[in-house]
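Take a look at this single chain in structure tokens; it is the form predicted alone.
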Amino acid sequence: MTDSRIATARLGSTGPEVGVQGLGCMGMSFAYGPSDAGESRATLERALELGVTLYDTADAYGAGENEKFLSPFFKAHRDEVVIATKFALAIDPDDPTKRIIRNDTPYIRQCIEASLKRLDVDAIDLYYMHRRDVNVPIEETVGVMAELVREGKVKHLGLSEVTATELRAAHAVHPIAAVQSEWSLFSRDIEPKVIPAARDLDVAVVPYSPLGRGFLTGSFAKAEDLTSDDFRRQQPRFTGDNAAANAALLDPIRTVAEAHGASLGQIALAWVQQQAALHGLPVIPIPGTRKPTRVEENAAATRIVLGEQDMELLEPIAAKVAGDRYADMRFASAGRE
């Protein structure tokens, strides 16, 4: 592994220049079982050394604990990092174990102030609507977000898990720098409509879970391999017959990995990175990790070039995946296209 920094790309026509790979920080304090704070902090520092400058969090990750955890790192490197956080997932008043989606004005106002306080910054570089509340016109939601830009609390706007129609409507209200959605060898739903819309509008795409929530690395084969507090145990793709069927889909990735002397995860990431050239728009995946060695491995994937035969071998995988991305598909754009 060399210490050469990764290349850069711009987040849309109006956004900042960032490394072509970002870092998903959710798992450092939420969702993926026990974590080591010291190792996570070392991961943040190592990522920055390698040119990773886009750091992704949300107010929903650990009920704000993830933002608090990241705050010291952001303050120490404020001029070097691009902070992305999100609003929209609220606790269900009728069941504290569940989430609901809120995009209303009072809630957005409440969320921005809370995130600014937890992060201890004057402004958030990239503020996402985490999920779409279909009961609130998206023009209204983005209108409030635009007010936050004018007030200096937010620098750039992003949307997560929106449809092409929603993206276009939002962009007409205020320029959108980035649209974040799941995109990987296992999840290619956004390619027919969202990707063309993003390209037309000069919006960057930020794929989350580009490693299929770790499944594409071969690090686990079924939900039972995970700790009891790992939220992936509830995801349809990793349980029962689905898990067995999907594990078999890793074979082509292994073949390509062997040919390149790379790991499965590196091939999965290289495929996502290569979509930028294939679709003609900036693509900044945000693989999550809590280990410095893993962030080194992930960054090295930006320099792997997959050939035509490699891409042909990997092409059929997504169509064969068994199971939905979420147990509750309200948290995805599927069905709203």
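What you see is a predicted model, and the numbers here were worked out from it, not measured in a lab. Numbers follow the displayed sequence, beginning with 1.
What comes next is about the form predicted together with a small molecule, which is not displayed.
- In summary, the region of this chain contacting the small molecule in the predicted complex, judged by heavy atoms within 4.5 Å and restricted to 44-52, 294-302, 307-315, 276-284, corresponds to 294-302.
- The shortest heavy atom separation between M26 and the small molecule in the predicted complex is within 4.5 Å.
- The small molecule is not drawn, but in the predicted complex it has a heavy atom within 4.5 Å of P210.
- Within this chain, S219 lines the site of the small molecule in the predicted complex, having a heavy atom no more than 4.5 Å away.
- Interface membership of Y61, defined by any non-hydrogen atom within 4.5 Å of the small molecule in the predicted complex, is confirmed.
- Listed residues H156, K86, R237, R132 were compared with the small molecule in the predicted complex; K86 is the one with a heavy atom within 4.5 Å.
- Only one of N246, T141, Q180, S187 lies close to the small molecule in the predicted complex, with a heavy atom inside 4.5 Å, and it is Q180.
- Here the marked residues T14, D125 and R199 all miss the small molecule in the predicted complex; none has a heavy atom within 4.5 angstroms.
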